[in-house]
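Below you will find one chain, with nothing else, as structure tokens; this is the form predicted alone, and questions on how it binds or moves follow later.
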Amino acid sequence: MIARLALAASLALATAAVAAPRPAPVDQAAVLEGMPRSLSDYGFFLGGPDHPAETLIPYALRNPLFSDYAEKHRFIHLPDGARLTVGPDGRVDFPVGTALIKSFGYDGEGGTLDVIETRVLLRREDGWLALPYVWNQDHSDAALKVAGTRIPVAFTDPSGEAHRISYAVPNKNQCKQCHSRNGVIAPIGPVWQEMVFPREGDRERVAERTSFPPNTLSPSARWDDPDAPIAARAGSYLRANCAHCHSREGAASNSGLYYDEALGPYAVSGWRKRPVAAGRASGGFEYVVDPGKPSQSILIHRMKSVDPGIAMPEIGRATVHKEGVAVVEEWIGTETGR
């Protein structure tokens, strides 16, 4: 449901982009150098988060990362003449001068999105730089928060349950923690077959500027598609929410859990795998995934916790994603001891 709402919101933004006054061009110098103190320095938005520059390309993901039920609006800024490359796994290699822009917020009055923060990933000569910006009260601009911050937020989740949380804007190092691949910062979401372009013609226009490997790429199952096989749904969910760390190139590579690989009766899935060093986070259970026993699986125990010493993922959420947990529980419940 969240993904569908995000897509609808992106469509609304695309429409807003057409109706909004023509913005000034993006300041390419700000994308390439320094650490701009204000989001307005880039020229990505014209006076507010609901007026993106016409040149920004809105996109969404089939299986987005859960972030305390926040809605996300994503955009790509490409420099003039940019050429892109897609790898064998679908990961997009963006050129120097690219900006990936992601705004977070919750439903506000009148069906609009009350945006809290916008994170930017800037592709520069020496690699990617991640910077968070927090919007002011009247949404006229957003200020750089290198050290991160916390903001009290109230919202209602899809089941109708009300929440009041201390919403965490990550600091620069936390951005690096999630975006680390082989020790360097890299984008997480832009995998070609998982990207959805809501504005008509954008997918074709981007494809014209992109080099592809022999085309064996196909989209994964949506984690919230009730008609898809449960193992495929659980795999998509764990890939979106865990694989940025739990992969052979990620920050948690020493865990032996690789959720960017196929789920099944394999140790890399956690199937009858004892934890490397979970301590009290194990909950006293023996296996990461205990086949047929979700309530005795460390994976579920950690997904259901908001204790900072237990919860997984370690950062980025202060609530339990009930719908996501239910999918992974169902998958574990269908597994047998074999």
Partner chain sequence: MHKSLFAAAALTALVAATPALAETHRVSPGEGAQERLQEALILAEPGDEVLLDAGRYALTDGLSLDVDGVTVRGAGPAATILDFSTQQAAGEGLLVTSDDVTLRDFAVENPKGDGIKSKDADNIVYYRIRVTWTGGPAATNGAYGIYPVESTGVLVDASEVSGASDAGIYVGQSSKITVRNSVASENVAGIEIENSRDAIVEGNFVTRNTGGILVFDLPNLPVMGGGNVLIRNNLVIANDTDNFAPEGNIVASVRRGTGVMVMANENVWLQDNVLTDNATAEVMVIAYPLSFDDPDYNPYPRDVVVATNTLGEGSDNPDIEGGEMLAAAFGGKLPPILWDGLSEGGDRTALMVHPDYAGWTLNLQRQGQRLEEAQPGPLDAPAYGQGWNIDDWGAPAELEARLK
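Keep in mind it's a predicted model, so treat the numbers as computed, not measured. Positions refer to the first chain, counted from 1.
Beyond the structure shown, there is the form predicted together with the partner chain, which is absent from this document and is the topic of what follows.
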Problem set entry | Val320, heavy atom within 4.5 angstroms of the partner chain in the predicted complex | no
For this session: Answer yes if any heavy atom of Ala29 is within 4.5 Å of a heavy atom of the partner chain in the predicted complex; otherwise answer no.
Result: no
Problem set entry | Contact of Ser255 with the partner chain in the predicted complex (heavy atom, 4.5 Å) | yes
Exercise. Can Ile116 be called a contact residue for the partner chain in the predicted complex at 4.5 Å between heavy atoms?
Worked result: no
For this session: Give a yes or no on whether every one of Gly90, Arg222 and Val327 sits within 4.5 angstroms of the partner chain in the predicted complex by heavy atom.
Result: no
Exercise. Pro213, Gly148, Pro95, Pro229: which sits within 4.5 Å of the partner chain in the predicted complex by any heavy atom?
Worked result: Gly148
Seminar exercise, completed: Note: exactly one of Asn136, Ser159, Ser218, Ser166 sits with a heavy atom within 4.5 Å of the partner chain in the predicted complex, namely Ser166
Problem set entry | Interface stretch in the predicted complex with the partner chain - options 171-179, 190-198, 81-89, 234-242, non-hydrogen atom within 4.5 Å | 171-179
